Ligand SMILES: Cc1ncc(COP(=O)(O)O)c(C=O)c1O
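Taking the form predicted on its own, here's one chain by itself in structure tokens.
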Amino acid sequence: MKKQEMKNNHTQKDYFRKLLLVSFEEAKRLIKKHGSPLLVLSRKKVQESYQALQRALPNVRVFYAMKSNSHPDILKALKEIGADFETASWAELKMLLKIGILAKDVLNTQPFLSEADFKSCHEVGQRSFVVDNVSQLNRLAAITTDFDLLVRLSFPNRNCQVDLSYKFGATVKEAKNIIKAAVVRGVRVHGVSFHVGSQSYSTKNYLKALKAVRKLFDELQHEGIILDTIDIGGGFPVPYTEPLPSIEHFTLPIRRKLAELFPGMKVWAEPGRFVSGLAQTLITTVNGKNIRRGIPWYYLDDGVYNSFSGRFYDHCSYKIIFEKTDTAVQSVLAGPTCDSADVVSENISLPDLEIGDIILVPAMGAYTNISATNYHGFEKTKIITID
């Protein structure tokens, strides 16, 4: 290996070790006390991430998307710093009500909210909702027109981990008709929302969307319909397997475009992953090993049906950090269940691990425990909250 490559590998290794919330020694002490596996949750890191995004988007109202991780300690930590919240169900709103969040301040972005959920949310004071078709608009308006509406737009994006325009969102032309229909029905329509995709690595689609929205707003203004709100969604990335630029650097083109096209307008965002992603570190232990067709296999006490559920549901890969410095060889990491799909990582370079060795995984706060199961009777990984 060339010297520059070795230096780069060492620098990257240090980068990801700094993302860990615990050291190996601290992890060993926690395992002695609580067992393995464990997720270590940092309230401070949740708050820091939310505030970092606020600084990077200073004129944007930031709603935390609970779907990424709705652990009560995350919600309480965000409440302490005055954060806003985004929900997609009555069940999520109830969690916020329990900790004293007012329903009127919470955004609901479920484009196909059921009538039962809509009624329950509305009865306790929630008023901000989203639709992406006239049928759903009429469905809600038949119950009441006393709500504030955003129309969800679709901007497909292949340069992201999960394309969130695949399932939801209207075209600009369709949105124009939905907005007109909302006005006729007497619904308070304020603007539009969009989501360029989860874990977006480029700002190009944000900028493309903002240009399209500006044109839509101008066309509607000529017809006497004045809109005042734009929701730019989430998608702000966190580092999983590669270092990323700072959030200030990433959002710079977005800030400039917002200032150019929407001066003085209400702008919202609804990040989930960026706020919760770095707030948890996984501690997992080698629980078995084998040599299969000449390749070392290591079986962990956590897998894709548990904290690594993001492998299935989030199309995500994770940085595996080990303590040993022995020569690494191509190996396989698998989970504890008897399902052959329970493979955490293939073709991963690992040293010769022993049963009982600990592995640490940073950036395990989003789409991990929230989508974990009790498959095969394995308990969901215990969460330990620090700071």
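Because the structure is predicted, anything quoted here is derived from the model rather than measured. Residues carry their position along the shown sequence, with the first being 1.
Only in words, not in the display: the form predicted in complex with this ligand, which the text now covers.
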Spell out, yes or no, whether the shortest heavy atom distance between Leu38 and this ligand in the model of the complex is within 4.5 Å. no
Residue-level contact is defined here as any heavy atom of the residue lying within 4.5 Å of this ligand in the model of the complex; does Gly272 satisfy this criterion? yes
My question is simply whether Ala65 lines the interface with this ligand in the model of the complex - judged by any non-hydrogen atom within 4.5 Å. yes
Any chance Asp302 has a heavy atom within 4.5 Å of this ligand in the model of the complex? no
What stretch, of 183-191, 289-297, 134-142, 272-280, brings heavy atoms to within 4.5 Å of this ligand in the model of the complex? 272-280
So this ligand isn't shown here. In the model of the complex, which residue out of Thr285, Ser128, Gln199, Thr203 has a non-hydrogen atom within 4.5 Å of it? Gln199
Taking Thr109, Arg152 and Gly234 as the candidate spot, are all three within 4.5 angstroms of this ligand in the model of the complex by heavy atoms? yes
Which residues, if any, of 356-379 lie within 4.5 Å of this ligand in the model of the complex when only heavy atoms count? Tyr367
